Each structure stands twice: as structure tokens, then as C-alpha cells.
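Shown below, as C-alpha cells, is a lone chain in the form predicted on its own; questions about how it binds or moves come after it.
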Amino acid sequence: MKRYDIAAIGELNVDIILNGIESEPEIGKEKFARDMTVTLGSSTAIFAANAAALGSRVCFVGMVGRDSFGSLVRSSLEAKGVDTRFLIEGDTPTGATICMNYGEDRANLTYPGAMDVMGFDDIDPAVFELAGHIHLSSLFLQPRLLQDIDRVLDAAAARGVTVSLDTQWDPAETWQLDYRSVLPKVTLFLPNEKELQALTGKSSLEAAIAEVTPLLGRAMLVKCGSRGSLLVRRDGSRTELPAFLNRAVVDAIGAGDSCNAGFISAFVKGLPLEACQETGNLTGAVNTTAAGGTGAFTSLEHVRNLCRDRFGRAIQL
């Protein structure tokens, strides 16, 4: 029996969130914000924290600097029940994103820091022995990891470890990933519809699905926001599942990552793919009931109650 159900490999940064900003920044002028929050950021961290809250045994593989932000990242993950023994401390400072909120709009400025640095050689090989499943995310924010993706996937395959991948959006919009060679090595591919179209260069979702279906390891879950999700198996069969809609959305930050957390938590427990899909849709909806990517995931019991009371379903975890 493996020590961890899931090893999350990905980016780590701190979010510095500014609210109540009097006006947009201007060169040479100082502006004020009425409120500031400094918190754990990054999609992969949201996934790991919420998978741990759902009862999975999770460890994290990522790089931080030897600085106060790195300490905040470590303590925040540990507070969520994520094992941090595989965190790597390097000389490059911990990355940070300044999130400036202006009513309905937002402007972000990111310093990648250590996210730029971690590659395969930095990863403790014990991860591949101790984890039953590896989740990879945000490849385009991690150039060294993107460069080494085949080495990571080959190491997992050599030890019989299943793998899920959510590439996330490419800020440069160059999409330099050889998906034709990578996807056959991935057990579960978890893109959203826009990312799938951009990655394949196809003008329609149907064309993008047709492009990758023959390349799938086992299955793909396409996240379609308020329309739900589409499960596509390697043999081409599909299951479409509507979203569980929350009529009082607080925010949708991290909803896709929370969907991933539910889907993979169900998968590592051996549930059928259809049950994994329903679980992912539910946890994506649960995410919208509280602020931030992890606010709603205080415990498995709390999530169970939300699923029952708000969405009329029993979560299969």
C-alpha cells in the first residue's frame, strides 16, 4: 500500500490581494488600497488542499525560496493536511502574484520566482515509490518542468503510477507542448474547453475532442463551466453531465481545480469514471459557495453537508 494517494507536482506562489483600490495605478503616482490579504496561491496548491480535505492522503512537490513567503506556503499547505516533506527550498525567491481588484475587473502581476526553476532533477525519486497517483498542473508556468515532462511521465510509468494532467492556460499563448507524445502517457487528461481548443489549435470543441481522443491514456474530462463537464473515454464513448448550479455564487476562483480534486479523489478510491465525473462536478459547485479556492473545503463532513443541502446529492467519498 502506497503512503500517499496523490502526489501533486506543480507551482507554488503567494497571492497578495488588494481590494478597495481608489483608482488604477499611474506611473509616478502613489495610490491606496483599503484592504490587503496575503494567502497561498497557485492552482496546484488549491487542488492539493481540497483533495486533502476530501480525505485523500496528499503530498506536494514544488519549489519555494528560503524566505517568509516560502514559510507561508509551507505552513498553509500543512494547515490543510498536505504533507510538505517533498517541498524544495532553493535560492530563487518564492513567486508572488499581486491581484488588484477593481469591482468586476481584476489586474494581476506575477513574479514567477521559484516556479521558473524546478525541473525533474529537483524531484526526490521517492515520490514515485510512495505515491499511487501523480497530479501535474500549470505546466506553462513552469518552463523547466514543461521541458522535463517526458522524464516525469516515464518515471511514473516505470513504477506503475497513474497520472492526471491539467495543463492550465498558457499566458504566452504559444502552447509549446507536444501533446501527441505526452497524452498517451497520461492516465487522465483534465482540460477546460478553451484550453483544449487552444492546445490543439482547433476552431471548435468537437474538432479538438476528435483530435485528442485517439491519444488518450484512459479518459479525458472536459470542464465546461456552467454547462458541466464531458467525460470522453479512450474508445470514444462519452458521458455529458450538467453542472450542479449554485444560485448564490460567492466566487468561482479555483472551481476547475476543485473539480479536479473531486474527480481524482474519487478515482484513487477506485470509483467508476462516471462517479468520478459526478464527484468532480459536485466539488466544482461546492467551490462557489465560499470565497477563494479553498474556503468551502474545511472538512469532508462539511462538503458532504453542502452537497446534500445545496445540491441535493450525496457525494460518493
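None of these values were measured; they are calculated from a predicted model. The first residue of the shown sequence is 1; numbering continues from there.
From this point on, the text means the form predicted together with a small molecule, which you will not see here.
I'd like to know whether residue 256 contacts the small molecule in the model of the complex, with contact meaning heavy atoms within 4.5 angstroms. Yes, residue 256 is a contact residue.
Would you please decide whether residue 52 lies within 4.5 angstroms of the small molecule in the model of the complex, comparing each non-hydrogen atom pair? No, no contact at 4.5 Å.
I'd like to know if residue 224 sits close to the small molecule in the model of the complex, meaning any non-hydrogen atom pair within 4.5 angstroms. Judged by the heavy-atom cut-off of 4.5 Å, residue 224 is in contact with the small molecule in the model of the complex.
Does the small molecule get within 4.5 angstroms of any non-hydrogen atom of residue 262 in the model of the complex? Outside the cut-off, so no.
So, 68, 71 and 99: all three within 4.5 Å of the small molecule in the model of the complex by heavy atoms, or not? Spot residues vs the small molecule: no contact at all.
Of the listed stretches (119 to 127, 78 to 86, 224 to 232, 171 to 179), which one has a non-hydrogen atom within 4.5 Å of the small molecule in the model of the complex? Heavy atoms within 4.5 Å of the small molecule in the model of the complex occur in 224 to 232.
Selected contact from 33, 249, 291, 38, since only one has a non-hydrogen atom within 4.5 angstroms of the small molecule in the model of the complex: Checking each option against the small molecule in the model of the complex, the one that comes within 4.5 Å is 249.
Note which of 158, 207, 245, 107 lies within 4.5 Å of the small molecule in the model of the complex, where distance is taken over heavy atoms; exactly one does. Contact residue from the list: 245.
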